[in-house]
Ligand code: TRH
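This document opens with one chain alone, in structure tokens, the form predicted on its own.
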């Protein structure tokens, strides 16, 4: 049996790494009954995602998970050792922890939870073993993904039910807008959430919205793109502030917890997302979205973007697929998003009809459940091997 799990998270940039780890930790603890310890080197970033957390806490209980500050000099060997050890996104486990794993009669199952990609090579690498060069340990690569030959995506057992309930309940929607200090927007208003890295294409897109044929309400959670919002409007934006130019209204929102962010995605007609975690949540929302992929210095992110566009666009019409591709590429190239907007806007109806079908297909491949099945099988194989060697 798998009874316990240690997850190690090195927060490299923004909130994507810890966002994924926090979701996984809660799902393993609250839905699968594991005793989960989440080791994170930047507790302050974690606390932005969980209001109940203490940004200076060394050890704390948060929503069924033990969260520990992973300091460089910390002794991470806590007894009993976990049955499952997850190194998120190839982070390096402490040497003392590796030594303790190796000293056990049956070592924990050690998994590297890798980055999300739609590239074809992921299917061939998913589940591959990687023996440690000097210790009797084997690490396994576990790749999230969009096909049945990958590890799937994180999905809470009731998420889609809660989404559908929200979409069908006007009272829930009204309470959401009231919490933002707003009334429910008119049905003809295009409601957009904008969660993005810095992007030079923003001013051109704002110009297209400002001078367009439809009123646009753009909700911008606090983050890296907010200063550019201020530049466009010629002011220093504040949380809760509202700014108007032509047919465009922009409202800056305070940083929200993960659950509140899901509701934001459900409430909007179009969602701009960035990185990995918000991209996945936008797909569960079943709404049209625009993905700003994390830029990499060697430009390999373009291969990842193309691979996803190819996969995601397979089930939609040619014109809608082309409009989506052109707009996504312009947004990620930080050039020409305003010019590409009219064609993309014309395709929103088809994209809106397509998004729930895509979401429904993805729901059949649950990462947490797949991970547990994989680890149980690896654990059985290794225990059987050790038993055979001793007999």
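Residue numbers count along the first chain shown, from 1. Worth saying up front: this structure is predicted, and the values here are computed from it rather than measured.
Beyond the structure shown, there is the form predicted in complex with the named molecule, which is absent from this document and is the topic of what follows.
Undergrad: If the cut-off is 4.5 angstroms on heavy atoms, which of these, 294, 166, 141, 233, is the one near the named molecule in the model of the complex?
TA: Selected option: 294.
Undergrad: Between the options 289, 97, 261, 110, which residue brings a heavy atom to within 4.5 Å of the named molecule in the model of the complex?
TA: If I apply the 4.5 Å criterion carefully, the residue I get is 261.
Undergrad: Can you pick the stretch from 189-197, 125-133, 148-156, 97-105 whose heavy atoms fall within 4.5 Å of the named molecule in the model of the complex?
TA: Stretch 189-197 is the one.
Undergrad: Has each of 16, 221 and 257 got a heavy atom lying within 4.5 angstroms of the named molecule in the model of the complex?
TA: Every listed residue reaches the named molecule in the model of the complex, so yes.
Undergrad: With the partner left out of view, is residue 271 within 4.5 angstroms of the named molecule in the model of the complex by any non-hydrogen atom?
TA: Because no heavy atom of residue 271 falls inside 4.5 Å of the named molecule in the model of the complex, the answer is no.
Undergrad: Residue 83 near the named molecule in the model of the complex, any heavy atom under 4.5 Å?
TA: Taking the distances in the model of the complex, the answer for residue 83 is no, it never comes within 4.5 Å of the named molecule.
Undergrad: Given that the partner is absent here, does residue 275 sit within 4.5 Å of the named molecule in the model of the complex, heavy atoms only?
TA: Yes, contact at 4.5 Å.
Undergrad: I'd like to check something about residue 49: if you look in the model of the complex, is any of its heavy atoms closer than or equal to 4.5 Å to a heavy atom of the named molecule?
TA: So residue 49 counts as contacting the named molecule.
Undergrad: What are the residues of 102-117, in order along the chain, with a heavy atom within 4.5 Å of the named molecule in the model of the complex?
TA: Only 115 sits within 4.5 Å of the partner.
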